[in-house]
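Okay, so we've got the same protein chain twice, two forms, each given alone as structure tokens, structure 1 and structure 2.
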Structure 1
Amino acid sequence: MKPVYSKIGEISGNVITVSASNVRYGELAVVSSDHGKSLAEVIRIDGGKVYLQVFQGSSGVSTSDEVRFLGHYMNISFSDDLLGRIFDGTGTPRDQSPKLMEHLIETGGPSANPINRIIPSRMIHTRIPMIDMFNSLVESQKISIFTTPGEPYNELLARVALQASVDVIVLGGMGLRYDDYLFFKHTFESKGALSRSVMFVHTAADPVVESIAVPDISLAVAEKFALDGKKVLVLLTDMTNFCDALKEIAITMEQVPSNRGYPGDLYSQLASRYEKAVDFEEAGSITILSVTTMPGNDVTHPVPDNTGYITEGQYYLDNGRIEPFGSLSRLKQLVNKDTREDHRPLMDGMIRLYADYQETLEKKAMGFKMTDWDNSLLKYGQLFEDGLMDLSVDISLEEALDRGWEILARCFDPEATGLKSDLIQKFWPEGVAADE
């Protein structure tokens, strides 16, 4: 049994220091004070000095309080009983149901051995055209939604959760407003998705440092479900809040800051979580869809900048729509070839024409005279935005492809689209003319 240390050397923010030995990085400890017991985690070891972050905050902790190391990392109970449950950032129930104590698993372990991985080859259908048709989500992909505060990114995550073709949904919320937490809870309950979901929610009212544990707990649970043969979708919102918590701890520990005050290992911290996305051979898979808010819509901010190097693309959410030019799924070519023969050429052709539409908008704003071609592009752009880009559109991939052909037919003659004649002969809708 490990000894109990009765003297805390220093208290700085949510970080305390203790002189101790035989302690491991990431090990848990219990801090006992007059106000109760608080969970803490070892975040740095410097000789005989051990630094611990107190998850519930150091308020009420004094230098004479006791610290007892537990000899293990943070763990969470795993079983099918997790489904339908809601927990906080430390695994404590939020839903007033009993705490689960059996079949404990450790969190924060290494990512899967590459020898057990297979090349992604299956598409996850979401019924959102700007994803399914233009930047397909692939099973075991790691991808983020780049956006700004105020955009409906939580609503988009909820739609993906409800409509994605997966077995289990794991939601990891970091810094959620209470209204957003209730939105996810009520949406999942009312739409019947809670029974196949487990939620780990850290709200803005909780101690900031608790948000650091949310991705590790969420991904540890997801990995166990995947090893049991399940297709798991992990939704993480908002990873910028996670990084801000890392920044706060780094400042408290007086570490030498990197870009904009973030810790120098920010890339590694993000990569260790995102690399948990995997498609297991002879088992299930983990797909990670996160949210990365960009302060000031600045894509060079350290969080989106580092994220872009790690993930396999991003969805750029702006003005309530997934924008086609800022969005990219680097794995879509692995699955688009197996959907429908017109998928890739139709996607490319429509994006090219939408780029022409954007140029026509600029010409119109500058007072240039509009030609018949310009007017066709203006009509096309409006139909494209209303029929495919609007986030309220809920149609299958096949319906989206058919709608794409219909939009082209309502705006252009077949030869003006630049698409191959054999595809036009096969898919061009009958009874729809450009002058309608």
Structure 2
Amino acid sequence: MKPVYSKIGEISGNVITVSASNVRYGELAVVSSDHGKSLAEVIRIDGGKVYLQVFQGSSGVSTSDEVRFLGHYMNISFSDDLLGRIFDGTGTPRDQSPKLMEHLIETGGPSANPINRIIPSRMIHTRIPMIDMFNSLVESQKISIFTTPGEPYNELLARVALQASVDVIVLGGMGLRYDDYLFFKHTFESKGALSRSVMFVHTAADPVVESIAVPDISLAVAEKFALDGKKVLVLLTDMTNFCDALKEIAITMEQVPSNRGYPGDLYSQLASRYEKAVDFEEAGSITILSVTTMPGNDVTHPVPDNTGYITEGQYYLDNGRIEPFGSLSRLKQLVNKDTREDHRPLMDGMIRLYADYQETLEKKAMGFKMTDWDNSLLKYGQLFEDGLMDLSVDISLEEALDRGWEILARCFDPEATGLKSDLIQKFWPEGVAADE
């Protein structure tokens, strides 16, 4: 049994210090105060002085409270019993069922050897054309929804999760509004998905630092399921809250900030989580779909910026639609070569024309005369937005491609589309008039 320390030196932000020896870097401790017990983690050792980050916050902790080191690192019990369960950010049950103590696994383990990864190859069909057709989601991808508060991002997450044919869904909530928590719970329940889900939910009412552990716990669990051969989908919402918790700790620790107060290692911190997405050779896979809310709708803000450099693309959700610009699935080329031969060229061609449409819109706004070409583009833009972009559209990839050709044929001559002649011969719909 490790000794108990009862002299807390400094309390600053959510970090406390104690004088202690034989303490390992990263070790957990329990701080007991009048307000109950709180988990804490060693984040720095300086001689005999040990810095601890207190997950439930340092509010109410007094200098004579007890600190007991646990001799182990952050861990979670792993078994199939997790399925259907709901926990808080550090793995304590939120539901009425008992705490799980068996088969403890450490979180934040080493990264997978690239040699053991395989090239992702299975498309996840969502029946959302802006995803399936223009930015296909691929099993084992890590991708984020870039959005702003108020957008229906959690609905989108839930819709994809229910549509995707995965074995296990892990939900990691960070700073989740209670309503959203209930929304996920009820939606999964009513669609019969709860029994294949595990939830780690940190709500907006909980201390901010507690959300720091959520991605690690969620991903450690996901990794174990994947090694057991399961296809796992991890939903992380909202990663901006996680980053803000990191920022808070960094500032308390007086680290030199690199950009808008965020620590210089924000990239590495995010990457070590997102890189857990994997398709294992001869085992299962982990797909990560996260939410990143952009403060001030600014994509150059450090959180979306660093995320964009790490994830394999992003869906840009704005005004209730997934925007074609800014949205990107970097893995789409791994799957859209095997769907239908017109998939790729049609996708590129339609986006190029949509870009032209945007320019025409600008011209129109400036009051210029619209040429015939401009008018075709305007018509095209409208049909594109209603027929493919609207989130209420719920069609298969095949249907979306056919609809794409039809939209083109209603607006343009074949040559104006910039698509190769052989494709046009094969796919250009007969009997659709360019000018109605």
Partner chain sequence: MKGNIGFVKAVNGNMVSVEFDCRVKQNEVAYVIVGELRLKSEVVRITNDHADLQVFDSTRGIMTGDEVEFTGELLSVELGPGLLGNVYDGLQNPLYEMSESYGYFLEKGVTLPALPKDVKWEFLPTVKEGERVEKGDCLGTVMEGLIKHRIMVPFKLSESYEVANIVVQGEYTISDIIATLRDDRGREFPLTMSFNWPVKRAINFYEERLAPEEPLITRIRIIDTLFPVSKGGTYCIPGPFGSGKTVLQQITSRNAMADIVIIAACGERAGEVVETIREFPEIIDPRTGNPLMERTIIICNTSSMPVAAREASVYTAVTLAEYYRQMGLDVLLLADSTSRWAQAMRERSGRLEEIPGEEAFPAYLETLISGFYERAGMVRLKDGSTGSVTIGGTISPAGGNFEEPVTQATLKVVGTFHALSRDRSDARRYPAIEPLESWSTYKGIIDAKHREWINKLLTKSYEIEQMMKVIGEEGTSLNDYITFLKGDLFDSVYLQQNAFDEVDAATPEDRQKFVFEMLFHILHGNFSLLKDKEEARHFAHHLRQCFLDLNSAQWGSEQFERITKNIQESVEKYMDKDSGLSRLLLRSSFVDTIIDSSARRLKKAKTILKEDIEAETDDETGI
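For numbering, take structure 1's sequence and count from 1. What you see is a predicted model; the values in this text were computed from it and never measured. Throughout, rigid core stands for the largest set of C-alpha atoms superposing within 1.5 Å between the two forms.
Visitor: Does the form predicted on its own correspond to structure 1 or to structure 2?
Guide: If we ask which form is the one predicted on its own, the answer is structure 1.
Visitor: Comparing the chain between structure 1 and structure 2, one rigid part rotates relative to the other; which of Phe87, Val54, Glu139, Leu156 lies at the hinge?
Guide: Of all listed residues, the hinge one is Glu139.
Visitor: Using C-alpha superpositions, work out the turn of the smaller rigid part against the larger one between structure 1 and structure 2, rounded to whole degrees.
Guide: Rotation between the two rigid parts between structure 1 and structure 2 amounts to 12 degrees.
Visitor: Once the rigid core is matched, what's the CA displacement of Val393 between structure 1 and structure 2 in angstrom?
Guide: So the C-alpha of Val393 has moved 2.6 Å between structure 1 and structure 2.
Visitor: After fitting the core, how far does the CA of Asp374 move between structure 1 and structure 2, in Å?
Guide: Comparing between structure 1 and structure 2 after core fitting, Asp374 shifts 5.1 Å at its C-alpha.
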